[in-house]
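Coming up is one lone chain in structure tokens, specifically the form predicted alone.
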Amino acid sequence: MTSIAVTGGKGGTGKSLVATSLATLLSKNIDDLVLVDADLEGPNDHVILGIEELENREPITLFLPMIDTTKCTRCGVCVKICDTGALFMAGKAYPIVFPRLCSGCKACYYACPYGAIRGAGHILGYTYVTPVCFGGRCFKLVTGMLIEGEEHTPPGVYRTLQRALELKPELLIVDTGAGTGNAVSMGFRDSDLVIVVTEPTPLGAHDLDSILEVTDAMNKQVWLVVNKYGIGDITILETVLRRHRVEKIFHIPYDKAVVEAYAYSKPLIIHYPSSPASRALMKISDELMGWIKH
């Protein structure tokens, strides 16, 4: 299996546009392709692809501690070991569990010397597997989605990736969330290639520097895509790139067709194949196909 991640540091750079477009283009030559939307706090790949309803829902269930008061001695070990504040003791009362703060790590379960913690299920969110077909060629979209108000994204990303891997794809494309946190790095931890999407703006340069620090530390092979090329000063990115390892650089020009595709929820390369942005994405896809073969 070959794995490619598409990330970007900041939100709004066009990361999901690149990921969905590449999945659609590469599915013409690769039978078993899976695209993962790992932005669990705001998944939108299905919107860009024009999918109205996600399918095959499964819950993301985490371990949730329950206190067995017949065994609990109120020693406080579980409270001391919990690093998210999900367990609390007032004086010598029995521990109280705050489900929304629990990450499901099970540290309290293993630390309790009296076996007074039992496991229960807490639904963090859901994963979906939805077939996507254009022109007789299909791939699968795996979407992870947190329930509103949930705070622990990394466990959800892990379960979403696991569901994608269960499909045993030939090519896995992971569309990560924005930022540089654990949930993002987890999305490309096992990827063979990381495609970083940025834009020629001060905010784009700032967050590009941050995400490239992460890919450098993880020793990842990196390609860079400069989206909205032409709207700003490209030299602002060149200063950042001198400090980091990037193997190839591509440009996607600013294109009003992208805005129309977003507005009408129509995949850009399907409905606007001759647009400048589509032609640039096709060039990236061709380069990727050659990279995959070799």
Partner chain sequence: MVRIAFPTEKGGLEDNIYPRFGRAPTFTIIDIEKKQIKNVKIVENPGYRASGGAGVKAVQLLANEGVEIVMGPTPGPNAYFALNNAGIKHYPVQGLNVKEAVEAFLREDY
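Residue numbers count along the first chain shown, from 1. In this text the structure is predicted, and so the values were computed from the model without any measurement.
The following text describes the form predicted in complex with its partner chain, which does not appear among the structures shown.
The partner is absent here, but in the predicted complex a heavy atom of 85, alone among 115, 202, 121, 85, sits within 4.5 Å of its partner chain.
Only one of 107, 165, 72, 89 comes within 4.5 Å of its partner chain in the predicted complex through a heavy atom, and that residue is 89. With a 4.5 Å cutoff on heavy atoms, residue 79 counts as touching its partner chain in the predicted complex.
Although the partner is absent from this view, residue 218 stays clear of its partner chain in the predicted complex, with no non-hydrogen atom inside 4.5 angstroms. Residue contact check for residue 158: none of its heavy atoms lie within 4.5 Å of its partner chain in the predicted complex. Put simply, residue 98 is close to its partner chain in the predicted complex: some heavy atom of it is within 4.5 Å.
Checking 177-185, 210-218, 136-144, 98-106 against its partner chain in the predicted complex, the stretch whose residues place heavy atoms within 4.5 Å of it is 98-106.
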